[in-house]
Ligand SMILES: NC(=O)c1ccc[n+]([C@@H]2O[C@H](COP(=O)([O-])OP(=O)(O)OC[C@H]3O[C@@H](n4cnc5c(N)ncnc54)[C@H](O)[C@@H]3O)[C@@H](O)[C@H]2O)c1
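Just the one chain here, the form predicted alone, laid out as structure tokens.
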Amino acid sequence: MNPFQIHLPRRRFLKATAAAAGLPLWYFEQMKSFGASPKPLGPNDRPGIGLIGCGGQGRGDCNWAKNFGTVIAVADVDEKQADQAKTQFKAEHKYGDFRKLLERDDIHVIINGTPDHWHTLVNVAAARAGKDMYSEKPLTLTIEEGKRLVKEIRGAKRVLQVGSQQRSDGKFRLACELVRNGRIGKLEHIIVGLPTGPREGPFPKQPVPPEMNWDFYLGQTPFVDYNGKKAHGNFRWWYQFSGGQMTDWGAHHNDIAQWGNGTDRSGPIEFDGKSLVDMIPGGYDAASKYRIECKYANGVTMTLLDDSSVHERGVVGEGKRTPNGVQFLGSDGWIFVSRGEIRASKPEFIETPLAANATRLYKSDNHMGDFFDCIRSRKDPICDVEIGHRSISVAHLGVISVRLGRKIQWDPVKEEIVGDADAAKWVGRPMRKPYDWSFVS
């Protein structure tokens, strides 16, 4: 007998595995028999992959995707980043214009790791080119983009998985299933804790790096000078390109809040937001400290706020800063979930198994694997285009309310701001030519 070979009883093994996943044993055992794991691909079943947007997040996603396919080509407006990705994935081809990559017949799947303001145009172009796509969040720059993208994806019958990977984490699925099945009584309020954004600047003009096509990078947004802080990882702190942490982490946590509330194909009807600190002129202009109060048609209310602020109804660390995560408050207690944990006001809320006839949610334990499974089945993935659009619409509306400093009413059926023409114009934004819709037609 090999002295290094230890055989653990199955029950002990499952218990240890469940504990490592941060899940109760009953849930781990149930989920093993509920739904299927991603099917392994054979040598003749490996789609060709194209990576568009070769920064750290794009390369991270592509490194995950290469387990299910073969990376053929990469594209980026920054030649240095494109070279790094080409070397990392041993890709045969490199492009500065993503449209050239989409012309290739040997590419079936796109990994879209571009900055937020390029997500929609790349996804529309990919759909029109007959590709399926894994798109980083937030899915869009504006609500109007999202409405158009949903129609494009549905019309082209393409598979789009939004990179809201928390949906494929058992802790978040368990929290939402418990809430949806009334474990905390009637859901009354949701607290979404998001990171506090940076407050820095001003930033002087700098020379554009020789490897970067700055005009192409700016894309549909107004032309501005390069300052070393408007590209790569810092783009999200500028309203021009994104919406700060409200659209960054908000894309993740709003998605879970909507899932637990059963409104992930709808949204709130009212937003009342405010910035809690003035931003520095000439510096980052996406609000760093903020609070938004929301109301749903079903009576549930929700607060979105940064994690340096205190929520008076907070249940995790009362009187302290709001933690990064989602808190569901019901008539009988509360459940809190984050990437590191799930806990409740009463241990039995989590430890007691759900009934056999309980409402169950889409099961995925591998976000990228689920995407490739759906490429084969042609079914919608766990975070399809409409869900991604609706989740980020919550953040976009919060940003609009914060920037205007007033309450806005939203019709989630018509997807329109009601009774406020000035606010309604921010549902979309002007697109700088030539990087408008004609750029991908």
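In this text, residue numbers run from 1 along the sequence as written. The shown structure was predicted, so the numbers you read here are calculated from the model rather than taken from an experiment.
The same protein also exists as the form predicted in complex with the named molecule; that form is not shown, yet it is the one meant from here on.
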Listed residue that, although the named molecule is not shown, lies within 4.5 Å of it in the predicted bound form (heavy atoms), from 126, 287, 141, 75: 75
Selected contact from 131, 252, 183, 173, since only one has a non-hydrogen atom within 4.5 angstroms of the named molecule in the predicted bound form: 252
Is it the case that residue 324, even though its partner is missing from this view, gets within 4.5 Å of the named molecule in the predicted bound form, heavy atoms only? no
Please determine whether residue 273 contacts the named molecule in the predicted bound form, using a 4.5 Å cut-off between heavy atoms. no
With the partner left out here, check for me: in the predicted bound form, does some heavy atom of residue 58 sit within 4.5 Å of the named molecule? yes
With the partner left out here, check for me: in the predicted bound form, does some heavy atom of residue 116 sit within 4.5 Å of the named molecule? yes
For the named molecule in the predicted bound form, the stretch among 86-94, 214-222, 328-336, 151-159 with residues bearing a heavy atom within 4.5 Å is 214-222
Could you list the residues in 235-272 that come within 4.5 Å of the named molecule in the predicted bound form, counting only heavy atoms and keeping sequence order? 235, 236, 248, 252
